[in-house]
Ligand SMILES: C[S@@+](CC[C@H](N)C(=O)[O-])C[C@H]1O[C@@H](n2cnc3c(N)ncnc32)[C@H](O)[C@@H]1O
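A single chain, nothing else alongside it, follows as structure tokens in the form predicted on its own.
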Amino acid sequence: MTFVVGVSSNAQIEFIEPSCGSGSFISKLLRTASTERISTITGVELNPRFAKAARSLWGSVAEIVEGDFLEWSANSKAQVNLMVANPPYVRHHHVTAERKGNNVRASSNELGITVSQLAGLYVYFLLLAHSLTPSARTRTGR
């Protein structure tokens, strides 16, 4: 985080931490970047207990969303220029057929990319995370 913030331009930071847990990367961002540079901070967490903890810790400076990042990103109008995350590593045979279908539709709708249903969850995570960036928004008109 220190490296990324240090070498980036002085642009405003629009930050997201998918699967944020209690917000360790949010914490690092706040220790690394000046508050004047931070435009938005969003954390997304599926586990209600961790989302509640993150909201308690960071709710005054960050929007903490309780939910599934893949579903949230497919429907979000958020735009970010800095994302720090640990993508989920879940093999395709551990993902339900319904979830696979939703992921295929979301990546197709957002980026025009059709991914095999044999892809692991991390593939959709990376694609839908990319859909939140300005360059992807420009191409898709979203």
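The first residue of the shown sequence is 1; numbering continues from there. Everything numeric in this text was worked out from a predicted model, so none of it was measured. C-alpha atoms forming the largest set that superposes within 1.5 Å between two forms make up the rigid core.
Omitted here: the form predicted in complex with the ligand. The next part is about that form.
In the predicted complex, the ligand stays beyond 4.5 Å of every heavy atom belonging to Gln12. Taking the partner from the other structure, the ligand in the predicted complex has no heavy atom within 4.5 Å of any heavy atom of Tyr124. Taking the partner from elsewhere, Ile16 is found to have every heavy atom lying beyond 4.5 Å of the ligand in the predicted complex. The ligand is not shown here, but in the predicted complex it comes within 4.5 Å of a heavy atom of Phe69.
Just one listed stretch, out of 75-83, 34-42, 47-55, 109-117, contacts the ligand in the predicted complex at the 4.5 Å heavy atom level, and that stretch is 47-55.
In the predicted complex, just one residue of 99-119 lies within 4.5 Å of the ligand by at least one heavy atom: Arg99.
With the core superposed, Asn103 shows a C-alpha displacement of at least 2 Å between this form and the one not shown. Residue displacement note: Tyr124 has its CA displaced by at least 2 Å between this form and the one not shown (rigid core superposed).
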